[in-house]
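What follows is a single chain, given as structure tokens, in the form predicted alone.
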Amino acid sequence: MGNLDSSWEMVIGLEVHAQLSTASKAFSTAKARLSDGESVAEERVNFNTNMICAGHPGTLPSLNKKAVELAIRAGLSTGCDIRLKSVFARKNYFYPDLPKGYQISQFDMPLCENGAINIELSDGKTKRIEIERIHMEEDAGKNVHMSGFSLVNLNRAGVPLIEIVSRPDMRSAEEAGAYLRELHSIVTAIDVCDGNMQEGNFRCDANVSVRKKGDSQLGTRTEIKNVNSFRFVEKAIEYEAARQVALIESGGKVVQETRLYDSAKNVTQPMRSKEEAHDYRYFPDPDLLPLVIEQSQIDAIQASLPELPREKKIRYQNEFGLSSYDAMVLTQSQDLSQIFESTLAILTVKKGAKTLSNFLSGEISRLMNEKDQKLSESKINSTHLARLVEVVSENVISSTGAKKVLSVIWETGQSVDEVIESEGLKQVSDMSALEPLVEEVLANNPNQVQQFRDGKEKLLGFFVGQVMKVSQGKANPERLKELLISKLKK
């Protein structure tokens, strides 16, 4: 299914679940995280659990103070009003991964309300997306479906979450992706959530409907559940909107339901009919007192907040002359912005920020995607990057050589100079060494030489490329251009 006809428009709202970075769970002392060094594949099933997580009769919840502080940080960072009194409610439904038969959440009195963030689109325009509410709740466990039966892992049950609910302000998949990336950059920058989408620590439900342009009435919406990739959210929304338009235009009706996105087939598929809020039979949790916050607590949290990504982006543009795109790439990743600043602190090269930014938004971002790793999980550090900027600015190695250095250091952690030496990447800048290579190329291409001398000076790039090929990429391009021009204009 392709793009929508111009007579239709999408209406999109996102519900984002972000796991809070606490040591223990929302309402119990059970650990909320895997042990240090333990991967998801090595996870000890039902190890981080206790009687409260398992829903044993007679157990009582006890609110995690740190989780409240992190939720307030998220609210303040997205421009929300913080309620001085909020209430926890029981959201009643039964799944095997929520054994007590209800989820502790917040309903009509959430902790945070009426916020907004600004997003930047590919055409340079910005748009304000309003946030209806941010409420606290607990996560459910995880079902593992086997052949003919299912197993339940309660390690995730009770992990503290915030649910960030936008208003239906987005009108394209691009806007939804930009909103999600901006929100991700905020919650990771303020250390509320580690943002690991592959592990479900930051995930999204997308509410999608369509209507004719100019209509004020909302169409029937479907909810696409638990999408954990920026790109997949965009693709799922595009598919679902096109599906709804095709259904309506063929005389059918959109059914309100929950759907799942199959990334392999790029389709959404029905999961279950959508229940309305009243079907959950919300009522205040009798085991938890109302949450009362003092204004002085909110003020102290506000004062502790770090520079937010949008503020940092503007500073990078003004202070270092970075483009809007480069500044955006750096500030959307906590890893990249941290190493950018720590490298600048030790960098001796004037105006090296742009070269450094190019490494981070280019080759290093590529390696992060290719390896499916954070930069902090690699062996590259600030010392490596500062030295790499130096050797590139001094024309010791080429930009191509720098990419090779980064790929080697990512795995080995060797010094920049060691890699340059072992890989033979040092550029040839000595004119006496370059001259025979230039003479060889000119002698082998007499027709192009004559064309250049007849005024076709764009051929300079051709000669540079030929000499670079002969030198196996080691010729210093700047010195090479000087030598070629002096020979060609004789």
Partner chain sequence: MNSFSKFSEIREGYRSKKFSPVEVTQFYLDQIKKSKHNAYLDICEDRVLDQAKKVEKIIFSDKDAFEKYPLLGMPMGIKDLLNIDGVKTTCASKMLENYVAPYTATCVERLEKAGALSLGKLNLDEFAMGSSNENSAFGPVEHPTHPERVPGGSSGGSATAVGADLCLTSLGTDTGGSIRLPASFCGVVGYKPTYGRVSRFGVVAFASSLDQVGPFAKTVEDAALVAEVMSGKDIYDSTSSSESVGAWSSEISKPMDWKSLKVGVPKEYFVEGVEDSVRKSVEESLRWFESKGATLVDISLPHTEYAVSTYYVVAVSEASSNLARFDGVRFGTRPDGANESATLDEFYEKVRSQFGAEVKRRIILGTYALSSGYYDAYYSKACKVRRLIRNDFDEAFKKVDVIAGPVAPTVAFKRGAMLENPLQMYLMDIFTIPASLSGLPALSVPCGTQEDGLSIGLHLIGSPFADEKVLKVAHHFQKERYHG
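Positions refer to the first chain, counted from 1. Only a predicted model underlies this, so the values are computations on that prediction, with no experimental measurement involved.
Another form exists, predicted together with its partner chain; not displayed. Remarks below refer to it.
Trainee: With heavy atoms only and a cut-off of 4.5 Å, decide whether residue 437 touches its partner chain in the model of the complex.
Mentor: No, residue 437 stays farther than 4.5 Å from its partner chain in the model of the complex.
Trainee: Give a yes/no on whether residue 448 approaches its partner chain to within 4.5 Å in the model of the complex, heavy atoms considered.
Mentor: No, residue 448 is distant from the partner.
Trainee: Contact with its partner chain in the model of the complex for residue 124, defined as at least one heavy atom pair within 4.5 Å: yes or no?
Mentor: Result no; residue 124 lies far from its partner chain in the model of the complex.
Trainee: Heavy atom to heavy atom, is residue 101 within 4.5 Å of its partner chain in the model of the complex?
Mentor: Output for residue 101 is yes: heavy atoms within 4.5 Å of its partner chain.
Trainee: Choose from 300-308, 84-92, 264-272, 338-346 the stretch whose residues reach within 4.5 Å of its partner chain in the model of the complex, heavy atoms counted.
Mentor: The contacting stretch is 84-92.
Trainee: Among 315, 213, 281, 371, which has any heavy atom within 4.5 Å of its partner chain in the model of the complex?
Mentor: Contact with its partner chain in the model of the complex is made by 281 alone.
Trainee: Considering non-hydrogen atoms and a 4.5 Å limit, which listed residue (65, 56, 44, 456) is close to its partner chain in the model of the complex?
Mentor: The option sitting close enough to the partner is 56.
Trainee: Can you name the residues of 367-389 that have a non-hydrogen atom within 4.5 angstroms of its partner chain in the model of the complex?
Mentor: Contacts from 367-389: none.
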